[in-house]
Structures are given as structure tokens and as C-alpha cells.
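Consider the single chain below, provided in C-alpha cells and representing the form predicted alone.
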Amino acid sequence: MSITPELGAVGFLRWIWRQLTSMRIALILLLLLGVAAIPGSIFPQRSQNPMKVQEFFTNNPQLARWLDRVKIFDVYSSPWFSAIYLLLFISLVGCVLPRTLEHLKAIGAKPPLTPKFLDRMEFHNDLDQNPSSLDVAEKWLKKNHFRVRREANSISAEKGYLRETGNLLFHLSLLLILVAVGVGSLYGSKGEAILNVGERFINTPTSYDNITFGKFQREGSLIPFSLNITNFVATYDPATNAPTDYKLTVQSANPIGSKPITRIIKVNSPLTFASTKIYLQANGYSPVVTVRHKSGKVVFSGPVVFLPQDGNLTSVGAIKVPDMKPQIGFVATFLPTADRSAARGAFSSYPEVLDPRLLLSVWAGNLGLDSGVPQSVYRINTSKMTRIGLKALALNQSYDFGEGSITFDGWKSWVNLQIVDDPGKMYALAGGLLAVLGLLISLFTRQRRIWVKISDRVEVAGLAKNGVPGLKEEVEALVKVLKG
């Protein structure tokens, strides 16, 4: 009776490494990575929309605290997501690199020797002996791109080495994509800025509405450029109200201070500076208003960004005037083309500005700007305020609400620019293209072997790896040549 010795620490680590670098574990980790990314698409992420996260905490305080403990609002930087990512990377490296080294050694190697019993192989044929059979067979095999190994009484030929090459290229490309994603997350940045037509943007952190940096990127590494938003034109189909084109015209300077160049940005045509791309994400309207104190002093004047609520750009926003006593806030709705129905009330019937209206609900009290709690610029907390008026303003109309007055002066178009610096994107693109190429090579390359052996008779047989079709036809063609 024998007793199996314990593995020991070294043996156990070796067993763990073999398990981790198996293709089965790599596939499981790839599936886990996809599953782990699902919460990032369901719940708001701090790196993308911190205000949405704050809103989730306000609406669901108990649930939000529990979710925050497991990093649901920071999925892609969480320890568990990073662990899966790193394990997948290690698994692919340990699985693919040894196979790649072995394949490189095998590329220049000769085909294996002819088996002793060819009658056990596929499509075995037995022919009459002919002294020139090996010469004829060798010539035909080389003509058909087989790698040939000739011995005294036999020929061993192999074809389809590219199948394994394609398979390895596919997996190495996955490694390149993982590296590219890691480089982009560590050394890249992503931010957004809403700009009215006529405003200027300078690529510094303070110019963004929100921006996130990679772990190893710093604020000073941003590419220096500036944009002047000169014009924005949106065209719509009158029959369906659907947008047909967005065209943003900017004056760009790179580096800052150089001669500006007129550039056009469209939805699928970003503006590029090195590895930084500027995308046109969304658009809307900013009503221009002037608020006066009852003494006649102007306390606020300018455009205020409103957020669209539907395809016809019915937009809502907030106008905050903390310099008045009491503080004044306007909860407002902007209608580019005003319409009304009994069921819906006031709404916009077309996304272009044809008949604008500004609907106002006036509130007086404490805006809560000094509470230390961050709040959205598009909303007003009216819990400590009193409504003192309602009014719908046409263009150039004013409304006197007692403490002062407000005038609807006009509107400006705004655009939301997403500015992404991703130094790994070109490597990811190269990895994706190489992965597709490797997959096509692996799928359409047929790997097989053919042997010809002379003893008392001439024997011909073959073997198709992975059961790929086509071997039977090639053996029959060779046999026909030998008979001829």
C-alpha cells in the first residue's frame, strides 16, 4: 500500500499556476470580467457623473451606503474588478506565451516521421509499386504547398501551419487589447464641458464641468489647446422632427496663442489633437435673461444652460440669484416652439426655435448655496423657499414679481463636448484588427498531413487535424497522379 506524498508549498504553487494558466480558467475569467462590468452600466459611476451618484444617495440613502461599501459606484477602479482583470492578463500570458515559443520552434522543424502502420490512418490507399512514386509524390506535394520530409522509403508532408499561427495571433491580440485598456486607464483622461456659442474653452482642468484622470496622469499633462465656439447649426426633418445633421464650427489653436484655425466638428467626426479627441455629444438651448432688483439695479444677466427633456428640446433649468434679499430662484422651462394641449399642458412641438416661451416659477427664500452640500446647477431645492409667482414670457417680455423683475432677452445654443485623452486607443485598435485577422486565419486554414510509403506496395494515407474537410480530395488527387 503506497501513500501519496503531500504536495508541499512548491508543489501547491506549481499546481495553482497550472490551473490559472489553463484555457478553461482564462475563459471563465473572461466571462467574469463581462459580468463584473454589468453594475457599471446599471448604476452611475463617480468617474463619469458624480452628480448622479449624489442624487442616488439622496433618493436611496440606505441602499446607496451598502452599494458604496462594495464599490458599485466605482466599479472599474474597484479591487475586485482589478483582481479579475489582472488574473485574466496573467492567465493569458501564462497560457499563450509558452505555446507561442513552442510554435516558433516548430515553424522551422521538419514534419514528423512516417508512422509504421499507415493503414490505421485516414483515407488509406494501397497501390502498385512504381520506382518513381516518391519522386512524383514529392513533386506534387511541393507544388501544393506542403512541407516535405523525404526519407529512404517514405515521404512525410504537412500543410496548414498557419492555423496555429492564427490561433496564437488571436490570443496575443487579446493581450495587446488588455494592455491598451490598462494604458488608457492609467495614463488617460476623460472630461466634459458644456459651452454656449460665443464662449471660449482652454484645455485646463478648471475649464471642465467634470474630468477624471488616470492613476499616473497629472493635470499638467493635458495637451495645450483652446477652442472658440463660433457657430452651431442643427437641422431637422420637418416631417418627423428627427435630426438630420449637427455642425459645430470652432476656432482652434494648438498650442494656445498660435494662429486659430477654423475646424468643423460633427457627431461622427471628432476634432483630434495627438491622442486627444473632442466629440460632439449633445446640444440644447440657454435662455438669456436679465434680473433686476426692484431698485432697478441689474443683479444677473446672461445665458443659463437648460437641459433637454425630449426630442423636441423642451428644456428645464434653474436661474439662481443669491445676491438678492431674500434670495430668488426661478424654476423654469424653455419651449423652442411653444404649443399647448389639454393632456400635456405646455410643450415644444419642434426642436428649432420658432416661437419661444420661457415658463417661470418664482421662489423666494434660502437657496442653500452656503450649506456646504453640493447641488446641481440645473435644480433648486425649494424646501426652504416660498413660491411668489408664475409667468410665461414671450421673447423680450418682462415680469415684475415684487422683489424685482426678469426679462426674457433671447437664447443661445449650447453644445456638450466630451474630451478624451486615450493613449492606448491605437494599440487597442491594432489589437482588435489583429484579433480578427488571427481568427480568420484560424478558421479558414486547413491543417493536415499526408504520408507516402514504399514497401512491397505503395501506401498513401493522411490525417486531418480537428477534422477539417478537404483531406479526402487531396489524397484522391495524389493517388490519381501516382496511378497516372
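Since this is a predicted model, take the numbers as computed values, not measurements. All residue numbers are counted from 1 along the displayed sequence. Note that the rigid core is defined as the largest set of C-alphas that superpose within 1.5 Å between two forms.
What comes next is about the form predicted in complex with a small molecule, which is not displayed.
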| query | finding |
| --- | --- |
| Arg150, Val452 and Ile454 all contacting the small molecule in the predicted bound form, non-hydrogen atom within 4.5 Å | no |
| Thr407, Thr100, Gln251, Asn167 - the one with a heavy atom within 4.5 Å of the small molecule in the predicted bound form | Asn167 |
| Of Val53, Val415, Val458, Ala26, the one that lies within 4.5 Å of the small molecule in the predicted bound form (heavy atoms) | Ala26 |
| Partner contact for Leu439 in the predicted bound form: the small molecule, 4.5 angstroms, heavy atom | yes |
| Partner contact for Met426 in the predicted bound form: the small molecule, 4.5 angstroms, heavy atom | no |
| Non-hydrogen atom contact Ser173 with the small molecule in the predicted bound form at 4.5 angstroms | no |
| The small molecule contact at Leu88 in the predicted bound form, heavy atom, 4.5 Å | yes |
| Proximity to the small molecule in the predicted bound form (heavy atom, within 4.5 Å), stretch among 92 to 100, 290 to 298, 74 to 82, 194 to 202 | 92 to 100 |
| Threshold 2 Å Cα movement between the shown form and the other one at Leu31, rigid core reference | yes |
